[in-house]
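The chain that follows stands alone, in the form predicted on its own, written as structure tokens.
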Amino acid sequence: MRYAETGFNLEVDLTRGSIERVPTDPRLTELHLGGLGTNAKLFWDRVPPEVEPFSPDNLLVFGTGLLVGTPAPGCNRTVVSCISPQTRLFAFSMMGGFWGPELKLAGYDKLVVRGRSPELVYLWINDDKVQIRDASRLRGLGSLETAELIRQELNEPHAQVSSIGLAGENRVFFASIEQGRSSASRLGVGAVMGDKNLKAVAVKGSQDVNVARPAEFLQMCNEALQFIRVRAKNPIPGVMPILAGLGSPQEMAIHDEKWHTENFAWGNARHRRKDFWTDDVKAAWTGTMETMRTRLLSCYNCPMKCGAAISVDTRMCSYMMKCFSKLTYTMAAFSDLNFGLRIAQKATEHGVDAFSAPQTMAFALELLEAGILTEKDMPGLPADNEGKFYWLLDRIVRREGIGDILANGTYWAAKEIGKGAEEYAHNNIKKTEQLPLKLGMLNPIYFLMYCTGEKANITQIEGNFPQAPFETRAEREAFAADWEQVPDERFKQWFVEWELRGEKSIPQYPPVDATCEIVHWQEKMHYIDDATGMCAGLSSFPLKPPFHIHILPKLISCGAGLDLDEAKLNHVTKRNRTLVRANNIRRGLTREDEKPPEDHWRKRFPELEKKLLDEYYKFKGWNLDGVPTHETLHELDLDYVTEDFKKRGILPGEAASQSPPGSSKGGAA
């Protein structure tokens, strides 16, 4: 019997119209767990680097985490993978909600979609009854409206539906996949779904997910729930409100946005408004949130209420919002929360990433102000500021006029526009728009996370280590006293010694060796979550979470019947991380691509930055080009990667190359 997983993938070829229930090899679970890990292996085996994002040979894979569907709190995440049109690299975008658990209960660990349908269709998965159904009447409809009409057509009000809007249909590079209580937003997974002429996937399941040692597993789950209750009553003192508690940042529950609005940059990530948060602003924004937020929401089997139902226009469905997307449209347009929540409703229906879309629109208006774009490029653009954003959103999702260029994101749009536009696409890493943030002194921890992270967003690898030192040593010592989540006692000492100013402050502190270990720990926790389906809000992101490196091996073992301790879990996670990198290395990722935006920090230290990257590469078992070495690949049972790299000249001979493995930059076609 397979535990925690079903042992089957659902394979759908839209070109041929075929549907197959395919058994999976249990050895893959031992090697990669599930979710991101087995997604990465599947792409290595079946999607060679010559495959373009909008090719029928590109796969769209919905991979549930190993513990999804079990009683483990917060285990509801699905990793959606494809080759990204935005970066040309291996993409993985996470979504929570209820869709992933429902797929498990229908009897499948993954949905693998290949090919391209000649007509617009949607999938209906009802246990072992799977249909490819006509979706022509859904063309042009919003993501949430589509989901509701499908439920009505099927007469299944509880079916879980993942769908795309106009942006996905028109292959906007930052199109999202929406599913009611969550979304897979980053890296254009919705565009690939649209390219396959797949409007939606509806699923309903009635089966069970078995666990290996139920009594122990449930005891651990109950202990975690008790821990969550205690932490809820005891927020972390001395940190911003969104980090004081558990869960994906509690943006929907709090009203104090002083930290975000005064520290993050507005517009096209240029302008910091240090004195923005006044009593009047706080009162107005609180009133808006209290009026439009109808209720707080949780994902499947989770006690946290990180999201909220937002109701703007009674003629349209309420939509679910969470995290920093609450502010992205507001800050891009230099507007207020009322505008931000209203335009976000339309953007959710259209299905666009709430990080990339507003920055792309702000980028366009900055080009207009600079004279690089003119009124001839934007005929009919409204005079009022908010109207401009609504106008641009509509043009982008329809790919009309200038919107056809902007729909490719700031990096590719700037290349096509020319005339100096590249200078204004200033906040990109690996061709992906990042958070609107500009800081003063270089932070070595964030430098490494920005450079080497292969997710779309820095918040996907930051987490368990505080973002900044506390004011006094006494506060730092108090924080470290009950910090059981650290992998080793050294992490406590590094934090206690870290100062806001003085000899042990940034950029020289934490020291390079400590910085490497801190970044590695934070990234490792996210990769464990992405393989198990655990929400980062209960594990890798918050300070002092209930699930951590000392607990997760036993939780996974009790659930899936695997023989795991910390050392073995670390090994599996290193294998998954290395395989993700290997996918991208053979698509052209080079060291040259691994650098933060030039203007992210005002004060830069080139020698320190080079040393940080050199030492981190060595720490990870990579050569100075960032390519995993022969020895590392062999240690991780990835010899097949070595052989491929040798054939492609990425790792020639018996010694790792010290020159760039390819001439293409960032995987560009």
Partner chain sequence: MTSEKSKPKTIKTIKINVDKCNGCRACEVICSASHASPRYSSTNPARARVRVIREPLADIYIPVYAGEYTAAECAGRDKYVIGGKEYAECAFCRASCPSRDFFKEPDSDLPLKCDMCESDPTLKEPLCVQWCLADALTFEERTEEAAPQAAPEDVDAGLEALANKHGWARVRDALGRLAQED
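Residue numbers count along the first chain shown, from 1. Nothing here was measured: the structure is a model prediction, and the numbers come from that model.
Unshown form predicted together with its partner chain; subsequent notes refer to it.
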| query | finding |
| --- | --- |
| Answer option from W285, F339, Y300, Y411, heavy atom within 4.5 Å of its partner chain in the predicted complex | Y300 |
| In the predicted complex, the one of K419, K376, H158, K129 near its partner chain [non-hydrogen atom within 4.5 angstroms] | H158 |
| Full three-residue contact with its partner chain in the predicted complex, heavy atom 4.5 Å, for T70, F98 and L218 | yes |
| Touches its partner chain in the predicted complex: R229 (any heavy atom, 4.5 Å) | yes |
| Any non-hydrogen atom of P597 within 4.5 angstroms of its partner chain in the predicted complex | no |
| 4.5 Å heavy atom contact, K204 and its partner chain in the predicted complex | yes |
| Contact label in the predicted complex: E102 to its partner chain, heavy atom within 4.5 Å | yes |
| Segment that reaches its partner chain in the predicted complex - one of 87 to 95, 218 to 226, 492 to 500, 170 to 178, heavy atoms within 4.5 Å | 218 to 226 |
